[in-house]
Ligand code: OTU
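The chain below stands alone and is given in structure tokens; this is the form predicted alone.
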Amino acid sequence: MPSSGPDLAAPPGDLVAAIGPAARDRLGRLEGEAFLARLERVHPDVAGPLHTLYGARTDVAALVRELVGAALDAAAARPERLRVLDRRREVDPAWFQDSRTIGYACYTDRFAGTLAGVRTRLDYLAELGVTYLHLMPLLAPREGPDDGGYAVADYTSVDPRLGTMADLEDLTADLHGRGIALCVDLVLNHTAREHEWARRAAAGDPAYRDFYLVFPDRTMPDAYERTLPEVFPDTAPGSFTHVPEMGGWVWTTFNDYQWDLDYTNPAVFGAMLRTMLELANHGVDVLRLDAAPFLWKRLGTDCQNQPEAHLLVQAFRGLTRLAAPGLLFKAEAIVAPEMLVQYLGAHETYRPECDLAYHNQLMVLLWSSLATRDATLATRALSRLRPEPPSTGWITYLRCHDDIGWAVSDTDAAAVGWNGYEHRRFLAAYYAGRHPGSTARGALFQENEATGDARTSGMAATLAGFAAGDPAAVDRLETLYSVVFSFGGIPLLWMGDELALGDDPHWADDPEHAADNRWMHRPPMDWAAAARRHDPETVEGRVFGRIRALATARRGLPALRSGGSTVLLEPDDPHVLAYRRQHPRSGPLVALANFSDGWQSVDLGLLAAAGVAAPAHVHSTRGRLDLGEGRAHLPPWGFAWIATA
């Protein structure tokens, strides 16, 4: 019978009393008491959401006891070296917010072949100052097309082409020894149709059939699709696939071989929780929650960002923290700006969800500013973004494995006198090299001829002008990354950007990739190019040196820690993006970035108003601060970080 909300919201005295002896017996007195203390702290974040989600169909009190028991099992199995790391992170829960945190993202096979190969390249990452490594999907995918690894066939195994779970544990041990945290993707919304759960469902097991969303005819799919957008309209139109062995239509948001899980079923929640706990016990520090906005479906909506999706993440977070208190969640939520910070818990009242989220809006607006040579839109749009809770942080980035969707809202465009639709079309054309004067050489992705919408593929170097031989490309890439490194959060380098690595010219040679041009910006690491990184006469040497200098400068600036504030400033020059960054442990720092082909300047009164009364150079394109006639001067595609002398 359903449980009542008020009892679940009360202090978990009965639950602690019931589980206390087992916790102390299995974990020892000190660890057992720590587990119980965490249970008291997270209980409202677990019981309340689970009651809302499942109170109408199950005994939630019993469900909570079961799930806490799963967390206790994981805590008992947790290796000692990870328990030691847990203690350090409980003492310093803001460990990931440090200005020394620098991120790097790559595919294991493209970077170093295997997990064992990654271990041989850790000196390279350390040279860049990397303390956070995101290895793109490495759990065992289905054979054949696998959506870049996001069609997982086995959550308990590593892709055999990359290694084993033992190799993963060896890698995490080496990383932790160097102070590097590991982020791994966890696909929450769906499994491959070859996954054991899906195979059992197709074989007629009713328990596993209830893991998926299946409809006997087109009545409900047609009703849902009236308001559902298509994710891959060219290659996977529609959101449902007829599967005869399932006796109907299976919900497949992304591809026909990726079956959406039904989170209205508490058994699905429990199975995914155990997956999270197991990955944490292999040494994973951060779980990137793939497709988090899609977890809950509601008729008459786009089935994204539903309130229940947030409750699911909140409950997952609370339960995993019982066994692995240092584990972080990162939201993969490429959504409208007003919805983005909700995945960091920014609701009417703070509710802990993810610790990190991608700052997709910043990425889009940086490329928009480059194409227009105008930072006005970025200033306006970023200034109205709701601030993140101080205990969380952004992942700031310029490129990633995915295409760029031109998420510029009509509201933001209209605020600066632009037409949103026309601006989005302009950006797609500019970065495909179809606009006069563009030196970008990217490609259109999922172009919709009926609507004119298109997304963009291409490495950062390609989009910044390196492929066209643009002499300003090095300065341009450095200035873009200067914002990534100083806007607040964890700056994330996409593999190869530190060398201005270009697109993979052979991306279409693989038949499995030929229909997906996103593989152009997933090239193999060019280690011959990396060997030139210390030669300042080469492009690789110039770019690597500048990126490394950004990381070095950032490490000594507490103003750039997560948990501070970023305030957009309004300079008297529309080509300049200006913002103040400040943390409670620091004074203010003002960052300026010139998005134009000519010299620009800002009035020093802007800096004074931001709290920098006696400007002093911290880091910049030319290595010094150019002041004169009451203004700070920036060279073409130049930047400056400025603090009080």
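The shown structure was predicted, so the numbers you read here are calculated from the model rather than taken from an experiment. All residue numbers refer to positions in the sequence shown, first residue = 1.
Another form, the form predicted in complex with the ligand, is not on view; read the next lines as being about it.
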| query | finding |
| --- | --- |
| Site check Y104, I180 and H282: each within 4.5 Å of the ligand in the model of the complex by heavy atom | no |
| Option touching the ligand, based on a heavy atom within 4.5 Å in the model of the complex, out of L550, A291, M459, A454 | A291 |
| Position in contact with the ligand when the complex is considered in the model of the complex, options F232, W418, W406, F215, heavy atoms within 4.5 Å | F232 |
| Partner-proximal stretch of 153 to 161, 473 to 481, 252 to 260, 551 to 559 relative to the ligand in the model of the complex, 4.5 angstroms, heavy atom | 252 to 260 |
| Partner proximity in the model of the complex: D86 to the ligand, non-hydrogen atom cutoff 4.5 Å | no |
| Heavy atom of E447 within 4.5 Å of the ligand in the model of the complex | no |
| Contact label in the model of the complex: A378 to the ligand, heavy atom within 4.5 Å | no |
| Contact test in the model of the complex: R518 vs the ligand, heavy atoms, 4.5 Å | yes |
